Ligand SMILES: Cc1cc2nc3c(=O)[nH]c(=O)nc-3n(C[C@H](O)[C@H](O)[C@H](O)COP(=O)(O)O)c2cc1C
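Only one chain is included here, represented as structure tokens and corresponding to the form predicted on its own.
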């Protein structure tokens, strides 16, 4: 079977059928309005993914609270947001009713921005800090997640993705560094309780059996005491806990997992390989394979970090170009049983029509991500995020950011 046939073949996720093996990663884009509702810019981004032929789309890190968040204009999911979110989904379903859509629910915890929100911490991590979370505060956060799940269902989403990755609250509680003696800290039994309580309460709160549950996980955060570490301050990798978590979530109803690594502020290169280090993407395949070997055969595993593979020209050495392209490598990983789907993040920015162009035999028209990371800079500057290289809207925003930084430097000189 050629890579086209593999990547365009359908796959069952819970009771649903994804039309192909392309997954649009949840990419924070900082373009909501002041109340956290989708703007026209938000709608246009997701409409392009639907028009572009992705089989499975994950709505970006949508916060369950306005109180603690990482982005000033982040998408929010509270009662006031239900109707605007339902309107977004209605627009998307009119384009393609067969695309699966889940919401990635999140709370930013210690990486909430104190300039406009409340930074809270499970246990103060060096360089971060924040108000110490109490058990009562954490129970309220679980309530917020359950409420958000009900809103996602009511708005028309097919399911949710619980964000246990990249240094957000879920991973802050799960990591061995959280050795504080409290209900959700110390031994693994306590730290995993948060994820399990959360999953169980969502299962009870959302009655629709067709509503799918899953999670994007940082199996290894890449710093001492992070998820996948051997102890609270150990630099050694130990996947005992992350793989036990996967089994526990699966027992409680999870039907898919998105493999990931790293932390958005402490070990970002593991999370998304930068321009000069594309070979870090190979690490993701090993972790996805371990994950796939851990779960049941019917549980879907989605791999990450495919954008650096590009077309037949990339920066990966020691392999024939035709075998290291995004499509060839993605099909190889699926064919060899390492994963079931391939996740595209930055490539979904550079060309949201990538799956469609493959299906129509227009591969030579695909605009490949060059890993410039300018989209990442837009996010860090709290500006709407998109591809600076190919999209004029974001290119002009980027120019404004650089211009304002230049003026700021002049003021301080």
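Bear in mind the structure is a predicted one, so any value in this text is a computation, not a measurement. Numbering follows the first chain given and starts at 1.
Beyond the structure shown, there is the form predicted in complex with the ligand, which is absent from this document and is the topic of what follows.
Taking the partner from the other structure, the ligand in the model of the complex has no heavy atom within 4.5 Å of any heavy atom of residue 38. With a 4.5 Å cutoff on heavy atoms, residue 379 counts as touching the ligand in the model of the complex.
Using a 4.5 angstroms threshold between heavy atoms, residue 216 counts as touching the ligand in the model of the complex. Although the partner is absent here, residue 163 lies within 4.5 Å of the ligand in the model of the complex, judged by heavy atoms. Across the options 134 to 142, 245 to 253, 165 to 173, 86 to 94, residues that bring heavy atoms within 4.5 Å of the ligand in the model of the complex belong to 165 to 173. Along 24 to 47, residues 25, 26, 27, 28 each place a heavy atom within 4.5 Å of the ligand in the model of the complex.
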